[in-house]
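First, one chain by itself in C-alpha cells, the form predicted on its own.
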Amino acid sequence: MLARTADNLYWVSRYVERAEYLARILEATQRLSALPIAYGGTTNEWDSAVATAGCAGAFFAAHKEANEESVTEFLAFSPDNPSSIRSCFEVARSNARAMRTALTIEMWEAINETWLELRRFQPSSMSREEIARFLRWVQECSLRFDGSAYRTMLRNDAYWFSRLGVYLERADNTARILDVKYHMLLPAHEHVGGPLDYFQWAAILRSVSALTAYHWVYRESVKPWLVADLLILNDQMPRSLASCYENIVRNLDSIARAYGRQGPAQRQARAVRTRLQNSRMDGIFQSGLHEFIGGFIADNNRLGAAIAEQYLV
C-alpha cells in the first residue's frame, strides 16, 4: 500500500472519531450547565469543554468569555477552528475522496452524505434543543462510518491503518476527558464526593457511553476512583485506555506480519500496554492521576509520531 493511502485512511478515521468526541463533550457540558444551582452554584463547565478539546489558546484568542453560545459555535461549526466538528468532517471527507478506491461503497456514502447534510445546518438559527439533536446526529454519523468500516472492509492493511486511527484518537480523547474533570471542573469550594461532584462524574460517564457499564461492573454509586479504573484499566470497556492499546498493539502486529518486519511503533505500543497492565488504581492516585494521564498523553503522541515516521511518510 502507498504511504499516502495509508495516511489518508489513518486520518479519516481519526477525524471522524474526533468529531464524535467533540459532540459527546458538548452534549455532556450541556447537561452539566443545566444542573440546578442547588447542586453546586456557579461552575466552569464551558471553560472545561474548551480545555478538554485541547484548543483553549485558539478559543480565547477569538473570544473573551467561554459560554454556551461561543463554545458551541467554536467547537461545532467554526471554520476557523481546525478541530471543530465541521472542520473534522470536511478534512475527513477530503481525505476519503483522495483515496476513494481504498474505501468500500458504504464507507464513502457514510462520510460523503454526512458532509453534504452538515452543510445544510445553520447554527445561527438553531435552538438549544436543535443543537442537542445535531450533536446526537453527529454521533450517529460517526457510528455509521465506524460500523460500515467494521462490517465491510477486508481485514488487510487498509483496515488495520484505519483502526489505528480510531484507537489512537479514542485513547487521547478518553485521557483528556478524565484529566480535565479531575483538575478543572469541580469548583474550589466544592468537596470531592458532594452532589456536584457526583453529577459531574455521571455526565463524564455518559459522555463516553459508560454509565450503564459502570453500574454493571461496580454495582455502586459513582465514585471518582472507580470511574478512573473503568476508563483507564478495564479492558472490557471499549473506550478505556487499556482496551484502546490492546487494539493498537493487535493492529500494529498485523501490519508488521503483513510487511515482514517490526519497528519502533510496535515496541512503543507494547511498552504502553504493559505499563497499563501493570498499573493499579491505588498506585495511580497515590502518584497523581494528573501526572499519570499527562504521561500517557505524551506517550500516545509519541506513538502517533512513530507510526507516521514508520509507515505514513
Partner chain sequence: MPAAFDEMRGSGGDLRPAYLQLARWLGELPPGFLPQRMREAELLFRRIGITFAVYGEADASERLIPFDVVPRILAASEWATLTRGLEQRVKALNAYVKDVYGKREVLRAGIVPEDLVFQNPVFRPEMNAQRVPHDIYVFIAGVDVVRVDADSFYVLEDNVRTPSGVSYMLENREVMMRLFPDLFARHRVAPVENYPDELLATLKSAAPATAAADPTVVLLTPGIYNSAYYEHSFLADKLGVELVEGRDLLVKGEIVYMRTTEGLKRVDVIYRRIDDDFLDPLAFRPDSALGVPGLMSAYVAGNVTLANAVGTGVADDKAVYSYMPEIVRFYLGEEPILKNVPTWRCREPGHLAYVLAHLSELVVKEVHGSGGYGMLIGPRADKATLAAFRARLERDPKGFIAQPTLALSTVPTCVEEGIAPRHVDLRPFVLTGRDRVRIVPGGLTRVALKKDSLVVNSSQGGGTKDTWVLDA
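These numbers come from a predicted model, not from an experiment. Numbering follows the first chain given and starts at 1.
Keep in mind that the form predicted together with the partner chain is not shown, yet the notes after this line are about it.
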Within 4.5 Å, heavy atoms only: does Arg93 come near the partner chain in the predicted complex? yes
Determine whether any heavy atom of Ser221 comes within 4.5 Å of a heavy atom of the partner chain in the predicted complex, and answer yes or no. no
Is Ala98 close enough to the partner chain in the predicted complex to count, meaning some heavy atom within 4.5 Å? yes
Can you tell me whether Glu169 touches the partner chain? I mean in the predicted complex, with a 4.5 angstroms heavy atom cut-off. no
As a check of understanding, the residue in Phe77, Phe134, Tyr159, Trp108 with any heavy atom within 4.5 Å of the partner chain in the predicted complex should be identified as Trp108
Given the stretches 230-238, 145-153, 114-122, 210-218, which is the single one in contact with the partner chain in the predicted complex, using a heavy atom cutoff of 4.5 Å? 114-122
